[in-house]
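Here we start with a single chain on its own, the form predicted on its own, put down as structure tokens.
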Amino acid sequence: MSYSRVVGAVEIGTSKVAVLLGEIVGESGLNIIGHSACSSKGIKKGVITDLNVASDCVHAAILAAEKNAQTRIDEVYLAQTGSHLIGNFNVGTTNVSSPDGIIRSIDIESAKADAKRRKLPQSRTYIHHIQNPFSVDDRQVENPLSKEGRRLQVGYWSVHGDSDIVSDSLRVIRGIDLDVSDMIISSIASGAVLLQESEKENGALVIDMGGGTTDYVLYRKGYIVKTGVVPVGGDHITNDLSIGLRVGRKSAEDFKVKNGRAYYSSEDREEKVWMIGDLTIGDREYPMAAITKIIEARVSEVFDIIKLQLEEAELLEPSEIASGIVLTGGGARLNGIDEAAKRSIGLEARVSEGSTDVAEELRQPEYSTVLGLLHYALTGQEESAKTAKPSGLFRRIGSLLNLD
């Protein structure tokens, strides 16, 4: 009989908590058996601000998913976001040890160890070490084993986070007597299920727009070369509309969903929209131009920050990102968001359509992260050159929680 385990994919977002349950059978089978989602509490910009309130919210979502699936979770894969996440590119170098210049496993491991040698302050903890290509005497190679050369190098995009923030996320899950097997950055999880291997090879930028943060991951030649988090999301757009139009947040959210557009058009100057639309007492008319200009300002801010960060890293080369931008997350539902991304960043953009292999309600952009978490639970167990291996966290979970 094939061994099976039930994995809970958990995303603790600013706007919602999403839980997806998958039964993994053997080494390759995955069945989605349950899910739940609820509004977040005690969370701001992807970071837990009230541990007790957030725990109650997350626990309720997990229990609802287990009830939906009529089973218990064996382990959890947890999404991570927030501006506390920082990435650095580190290069490891070693001289080939064999007199004949033939590269052996010991040389490869030595180069990898050198790339990961950077120590962090006690207040920081590594979440990902993402391997990039090897090079032998400055020539890029996919697999250096048995190649001949004098110097071997390998690069890693390493992501670390605030230890206290990571610890709080772990405590929330452990509070319901569950173990966190690993954490995956939201953008990386989304990219794993939204992109074909050919798109990663051609280069692609995945932008995951949540309620309080916008995460992104850049692939070039099949490798993850940069990740980042902008502490601005869809909730900020709603807040801007609420202030600018002098309406409540609920009305502002309705405006955004029903009438909003991510960019301003000159045609908006002549158009009016009603707050409620039924011409009842209290219903008011607003200029479409006011709505789109407010939204455009905030959306452009997000995309301009991403563009600037890529330019500063000298990574915004259109020919190296031929697959363009893929937008996902709840913010990707905003009308015209793909055109706004194209205008700001200068790359072709599209909104993710979701996988046809899952139920229709799970094909929405806001579920890409939890689907990606299940992907890593199924396939992310071994490190490969073009896979983000969640490493470093296993060894530190106990210390972060002050466990034996």
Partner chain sequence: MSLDTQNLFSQETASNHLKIKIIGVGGAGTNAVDGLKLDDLGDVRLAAINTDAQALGNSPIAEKLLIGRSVTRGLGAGGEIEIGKAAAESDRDSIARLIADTDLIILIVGLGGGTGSAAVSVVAEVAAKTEALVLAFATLPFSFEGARRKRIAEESIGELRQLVHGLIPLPNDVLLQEGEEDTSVLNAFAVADRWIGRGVNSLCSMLLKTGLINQDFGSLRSVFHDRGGKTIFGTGMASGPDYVKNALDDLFLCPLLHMGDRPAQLDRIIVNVIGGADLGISKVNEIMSLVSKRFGSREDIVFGAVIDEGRHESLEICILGKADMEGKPAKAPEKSVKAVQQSTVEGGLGLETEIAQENKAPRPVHSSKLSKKKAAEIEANQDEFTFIYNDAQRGYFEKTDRNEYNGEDLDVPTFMRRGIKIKIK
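Everything numeric here is computed off the predicted structure, so don't read it as measured data. Residue numbers count along the first chain shown, from 1.
A second form of this protein, the form predicted together with its partner chain, is not displayed here; the remarks below concern that form.
Not displayed here, its partner chain is approached by A297 to within 4.5 Å at the level of heavy atoms in the predicted complex. Residue contact with its partner chain in the predicted complex: P231 places a heavy atom within 4.5 Å of it. Taking non-hydrogen atoms only, S242 approaches its partner chain to within 4.5 angstroms in the predicted complex. In the predicted complex, at least one heavy atom of K45 sits within 4.5 Å of a heavy atom of its partner chain.
With its partner chain left out of view, the stretch that reaches within 4.5 Å of it through heavy atoms in the predicted complex is, among 113-121, 202-210, 87-95, 288-296, 288-296.
Residues L30, E75 and E353 are none of them found to lie within 4.5 Å of its partner chain in the predicted complex, as judged by heavy atom distances. Proximity to its partner chain in the predicted complex, taken as a non-hydrogen atom within 4.5 angstroms, holds for one residue of R333, R220, H236, H129, which is H236. Interface residue among R151, R104, K258, R249, judged by heavy atoms within 4.5 Å of its partner chain in the predicted complex: R249. Annotation for 186-224: no interface residues with its partner chain in the predicted complex [heavy atom within 4.5 Å].
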